[in-house]
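Listed next as structure tokens is one chain, alone, in the form predicted alone.
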């Protein structure tokens, strides 16, 4: 048996190949490989081994090419030293942010990709239903696949993905809008690699520890900032900071808009927030708007 250990063997492999996308700051698809407790849960549910061995039903990881056989053998040898029966898998009562009824290995269209595209691309004068600039409309699954010319399983041959990574004048979103950050681009890439499916799941709504940084701001980035930035202040509203959102929360317009209440502009315009997200926003306000 190989002589392996978590600190001496596994951490170096993960640092070299995985932690750039799967860490506490940027836990792509919900995975944080920089934390031992999170890592062993992915071991216990089979997702770590499934991804690195590129088994059917799992996203091949790393996305740019498989680990070498030696690294895979070391990880498998380390797993064999663990008592997997003692590891709690996807326990919704743990309140540690682990999703209990969604596959962490899967990027879901309805849950993740659609709100990201609606906020960043399907905006006024760009790729919404009215403007559909350059003949491209990115407002639902069918239009994103068709006019974005997405080839399931092949991001490199998908025009929508290529436009997000272009290093010239064709980069999208165009200036003065901000380009998508690497985490969002990787999510889109992963979704295409997984077959660009019209899939969804139901998240556990954990309201135990809500903060602006960890809970509310990621939601705003997914659903709101594409239409409410300095470059694109829809309705004269800018959401680029904690103070911006606090102002909207205190004057009642934030909850009025997301609840689609009479007298308020319905936001987001293309897709109402889920009951969970609306609940998270309300509880954040009720608890004093913690940063």
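Residue numbers count along the first chain shown, from 1. We call the rigid core whatever largest set of C-alpha positions still superposes within 1.5 Å between the two forms. Because the structure is predicted, anything quoted here is derived from the model rather than measured.
Quick note: we don't show the form predicted in complex with a small molecule, though the next part is all about it.
Contact annotation: residue 264 falls within 4.5 Å of the small molecule in the predicted bound form, judged by heavy atom distances. Residue 229 falls outside the set of residues with a heavy atom inside 4.5 Å of the small molecule in the predicted bound form.
Using a 4.5 angstroms limit between non-hydrogen atoms, residue 246 is distant from the small molecule in the predicted bound form.
Mapping the unseen interface onto this chain, residue 40 falls outside it, with no heavy atom inside 4.5 Å of the small molecule in the predicted bound form. Look at 145-153, 206-214, 182-190, 113-121: in the predicted bound form, residues with non-hydrogen atoms within 4.5 angstroms of the small molecule sit in 113-121. In this overlay on the rigid core, residue 16 has a C-alpha that sits 2 Å or more away from its partner position between the shown form and the other one.
Here residue 257 does not count as shifted, since its C-alpha moves by less than 2 Å between the shown form and the other one after the core is aligned. Superposition on the rigid core between the shown form and the other one places the CA atom of residue 44 2 Å or more away from its counterpart. The Cα-Cα distance between residue 45 and residue 115 is shortened by 3 Å or more in the predicted bound form relative to the form shown here. Legend note: Cα of residue 109 to Cα of residue 45 is at least 3 Å closer in the predicted bound form than in the depicted form.
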